[in-house]
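Before any questions on binding or motion, here is one chain by itself as structure tokens, the form predicted alone.
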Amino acid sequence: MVRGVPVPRGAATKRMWTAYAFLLPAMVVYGTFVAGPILLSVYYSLFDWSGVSRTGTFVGSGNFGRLLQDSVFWRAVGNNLRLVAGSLVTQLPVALGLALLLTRGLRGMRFFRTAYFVPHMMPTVAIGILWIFIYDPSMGVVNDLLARLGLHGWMRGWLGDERTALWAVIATIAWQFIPFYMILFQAALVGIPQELHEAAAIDGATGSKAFWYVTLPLLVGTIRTAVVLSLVGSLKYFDLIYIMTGGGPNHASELMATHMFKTAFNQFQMGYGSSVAVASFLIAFVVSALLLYVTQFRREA
């Protein structure tokens, strides 16, 4: 098609329907496995239903009214926000630092690139079991190291103490996901033209100056993507928390997803569990949309 030349109406309609035909399989898959379950959760949240019986009792917004008074849910929301903060503060800076090291072309970098990525290749169950042993109060590496350093007062049951259970798992999650963001940042760093660094060096921008004034501005898009991925992932995180602590002790490491799972499948309150899932979805959606809006606004400004 030549730009500026009008397309005949019949040809434009045919092209539009051809595009819809190519999109149809993807739309069917998305509707079946993404939009459908979300709508079903909204529907089930309107019922008092065990998930086992054939029918439930329609309660309207009753489950959501109960949710507003559920102290465990709000504690889980707070823990999810702590997980978001912990992930953003630890995972992204460390991943960026490792990516910068791996792009220096030093000797043995291929080995370190593989070694750093190993945690992300391990199954989550294996990671959970491994770190349960590491945090073990009697034979774990953490307490053994503290004892060797003479810090006996710091020794504790890391996963059994309400003060440390959540943060201990957040450290494990960081260990699991830092390699993923490292690869993301490394791909972005490799894509920066070398000519820009050479031009900056001629102007006297080397070392930290080159990083702050050349590298970092060119990584803003990738950092924004990483922040969104980390935020959304933290708000819907489930597996490692459930394996390592089950949300305990005394809900100290409870997350919205673990609360939803236990309510729906352990306590057989599928209707109320669906309301927890819908609330979790809305919180994640609103926070993500706000973040995207703010970062987009600042970029355009």
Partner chain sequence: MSTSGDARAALSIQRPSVRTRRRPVWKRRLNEAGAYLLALVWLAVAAFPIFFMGLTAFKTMREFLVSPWELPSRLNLSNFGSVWASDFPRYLTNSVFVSVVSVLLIVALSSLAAYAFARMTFPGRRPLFLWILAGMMIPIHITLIPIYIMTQRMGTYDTLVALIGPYVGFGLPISVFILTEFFSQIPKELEDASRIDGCTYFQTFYRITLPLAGPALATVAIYNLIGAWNEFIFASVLLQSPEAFTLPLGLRQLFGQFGIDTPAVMATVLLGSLPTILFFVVFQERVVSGLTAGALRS
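Being a predicted model, the structure only gives us computed values, none of them experimental. Numbering follows the first chain given and starts at 1.
Another form, the form predicted in complex with the partner chain, is not on view; read the next lines as being about it.
*Asks:* With the partner left out of view, is Thr215 within 4.5 angstroms of the partner chain in the predicted complex by any non-hydrogen atom?
*Replies:* Thr215 lies outside the contact set for the partner chain.
*Asks:* Taking heavy atoms and a 4.5 Å cut-off, does Gly273 contact the partner chain in the predicted complex?
*Replies:* The answer is yes: Gly273 has a heavy atom within 4.5 Å of the partner chain.
*Asks:* Is Thr164 close to the partner chain in the predicted complex, meaning a heavy atom pair under 4.5 Å apart or at it?
*Replies:* Answer no; every heavy atom of Thr164 is more than 4.5 Å from the partner chain in the predicted complex.
*Asks:* Classify Asn250 as contacting or not contacting the partner chain in the predicted complex by the rule of any non-hydrogen atom within 4.5 angstroms, answering yes or no.
*Replies:* Contact check for Asn250: no, nothing within 4.5 Å of the partner chain in the predicted complex.
*Asks:* Of these, 140-148, 153-161, 81-89, 68-76, which stretch puts a heavy atom within 4.5 angstroms of the partner chain in the predicted complex?
*Replies:* The contacting stretch is 140-148.
*Asks:* Which residue, Thr57, Thr32, Gln267, Ser61, is the contact with the partner chain in the predicted complex, using a 4.5 Å heavy atom cutoff?
*Replies:* Comparing distances to the partner chain in the predicted complex, the residue within 4.5 Å is Thr32.
*Asks:* If you look in the predicted complex, which residues in 12-37 sit within 4.5 Å of the partner chain (heavy atoms)?
*Replies:* If the 4.5 Å heavy-atom criterion is applied to the partner chain in the predicted complex, 12-37 yields Arg15, Met16, Thr18, Ala19, Tyr20, Phe22, Leu23, Pro25, Ala26, Met27, Val29, Tyr30, Gly31, Thr32, Phe33, Val34, Ala35, Pro37.
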